[in-house]
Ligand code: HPA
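Just the one chain here, laid out as structure tokens, in the form predicted alone.
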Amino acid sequence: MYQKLTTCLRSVREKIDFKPEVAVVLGSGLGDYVQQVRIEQTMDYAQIKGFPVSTVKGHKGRFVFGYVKEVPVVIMQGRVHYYEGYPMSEVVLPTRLMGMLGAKKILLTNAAGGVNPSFQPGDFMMITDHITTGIPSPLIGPNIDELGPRFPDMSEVYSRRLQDVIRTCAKEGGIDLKEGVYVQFSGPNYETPAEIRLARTWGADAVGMSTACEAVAARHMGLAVCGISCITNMAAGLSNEKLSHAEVQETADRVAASFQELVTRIVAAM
């Protein structure tokens, strides 16, 4: 896997000479965020030798290099999910690659189902911790010693300093910010009501199909991690509505402007 990573790194470096400080992964509803970026260079995932390509409709599938305010960033416009059939090591390859390109901090965003009954669609939740019991660890297999230790500490996956930054940014922007624990399940099916009751028993506030595995890979490499979920629907059993990707996209699109503003404030302050 390290050899594959270095091959991907060479493919990027042959065309891209930009060095980012912050990495950003755009979730559903944030695909147009790059319009807020002073773009220097872009690179489609398909141009990178051995790179996994997203198959999800609406995920563009490219890296965008540029500036948010004056901060040099690399942005994933479209991520790869475990449910697409890739092994977990491939799912987190883009995260690792952004770290190898120079990023020291990463902001992970996603669309998520609300498990906390006090939440409602359109809320933003800062991720304070996560649970990955429902998926394999991205660190299973031979350890990549060049990236991090065999048994990395995960007592502070989401940087407390960056959590304080996010709280300040939300307050300054007049944005109501929830906080909570995110659980990643494998997908692509939505969870059953019983699985949501289990997640709530675990202490979950939101559930989704991405992000936590990327956070683990990033922390393994020593990156400072933070994350924001857009609550696009209430999870199974918490409402009478049938769950659908269309509902997720509709809610994400409705609050996209506020989400983009929050992301800009966070990146500029990181």
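All values derive from a computational prediction rather than experimental measurement. Residue indices: 1-based, along the sequence shown.
FYI, the form predicted in complex with the named molecule isn't displayed, but the following is about it.
Of the stretches 204 to 212, 65 to 73, 33 to 41, 221 to 229, only 204 to 212 has residues with a heavy atom within 4.5 Å of the named molecule in the predicted bound form. This chain lacks the partner; the member of Ala103, Cys169, Ala111, Val92 within 4.5 angstroms of the named molecule in the predicted bound form by a non-hydrogen atom is Ala111.
When you look in the predicted bound form, the only residue of Val22, Leu262, Val248, Val12 with a non-hydrogen atom within 4.5 Å of the named molecule is Val248. Taking non-hydrogen atoms only, Ala235 approaches the named molecule to within 4.5 angstroms in the predicted bound form. Although the partner is absent here, Tyr190 is a contact residue: one of its heavy atoms lies within 4.5 angstroms of the named molecule in the predicted bound form.
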